[in-house]
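A single chain, nothing else alongside it, follows as structure tokens in the form predicted alone.
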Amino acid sequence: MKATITATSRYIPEKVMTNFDLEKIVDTSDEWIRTRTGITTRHLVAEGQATSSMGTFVATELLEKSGTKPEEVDAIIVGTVTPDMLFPSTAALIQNNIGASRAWGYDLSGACSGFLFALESGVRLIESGKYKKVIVIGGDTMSAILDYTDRNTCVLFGDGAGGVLLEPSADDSGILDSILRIDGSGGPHLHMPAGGSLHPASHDTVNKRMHFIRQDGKAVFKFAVKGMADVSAEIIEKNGFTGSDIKLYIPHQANKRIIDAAAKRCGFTSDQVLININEYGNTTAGTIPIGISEACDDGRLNTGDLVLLAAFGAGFTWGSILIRWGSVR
């Protein structure tokens, strides 16, 4: 039994922050950001909104598009590093908001690879035969953990979420294969030092700005270029395909130069690669499901197409998933 995507959705907050807006609050420039990252704008949640707010919109639209009743949902898996709170889970908040009275679920922390890890988990639930409808969401409210005095990180990220509904496949469509990896030795290069059990919140951790993202940009860039390119090429070769067989490559949107390097390694043309980092920035676990939803709505995917997803993130985490696209509502 294969698991297939039967519905897609995304949520992009209305508020837009441009590079010119950032010029007013930190020592940077539109040219510097664009030439090094490919980003021109990013979207930020409104006051009172959080990851569950975006996830609830996504889940609600997935139900509407697929004609699924809330009580038919078996499980909800949310990939995020910015949950509303440590507990209860964001998945539980979304479950309550949509009235999925028979569902269980959990949050999964995989940083920028979070959606891929969550998708793999949902796929295995469907393949077990026990579950028929699984909602998988990737989303992050990155503005909540950005230090807007740190020009190296605050220009990179935005808020957003996307998701899919997984169901058993009635044909040969569905998730074909996956390659997923973690390497904790990369942790010091991209992390948020405080807020967990090692450094609980205190006046000291707040004063030292330890509740914001810290990144060694050069080290992350080096590992990301190789990691995402390698895992993308590996899954294509492993399954007996070539780059020309892939209809659409949907990579994590962290940096356009990283995307270009991975695409070149696989021999993709520009028409085969989805890029929206210019508009949304890096929404962490949200980038890939947002891309899937956009591609679906824009008519870039048809039944039978091969779709390749790939990501690299903090942890380090990275991976790729190969999909035979099915009939999506």
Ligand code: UT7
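Heads up: residue numbers just count along the shown sequence, starting at 1. Remember, it's a predicted structure, so these values are computed and weren't measured experimentally.
The same protein also has a form predicted in complex with this ligand, omitted here; what follows describes it.
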Exactly one of Ala100, Ile250, Leu156, Ile236 comes within 4.5 Å of this ligand in the predicted complex through a heavy atom, and that residue is Leu156
With the partner omitted here, the residue among Val231, Ile175, Ala224, Leu165 that in the predicted complex has a heavy atom within 4.5 Å of this ligand is Ala224
Check your understanding: Looking at this ligand in the predicted complex, do all three of Trp32, Asn255 and Gly313 come within 4.5 Å of it through at least one heavy atom?
Key -> yes
Is it the case that Asn96, even though its partner is missing from this view, gets within 4.5 Å of this ligand in the predicted complex, heavy atoms only? no
Could you confirm whether Gly217 comes within 4.5 Å of this ligand in the predicted complex, counting heavy atoms only?
-> yes
Original post:
If you check in the predicted complex, is Asp27 within 4.5 Å of this ligand, heavy atoms only?
Top reply: yes
Checklist entry - So in the predicted complex, does Lys69 come within 4.5 Å of this ligand, heavy atom to heavy atom? => result no
Per contact check vs this ligand in the predicted complex (non-hydrogen atom within 4.5 angstroms), the hit among 300 to 308, 41 to 49, 256 to 264, 54 to 62 is 256 to 264
When this ligand is considered in the predicted complex, the residues of 263 to 299 having a heavy atom within 4.5 Å of it are Asn282
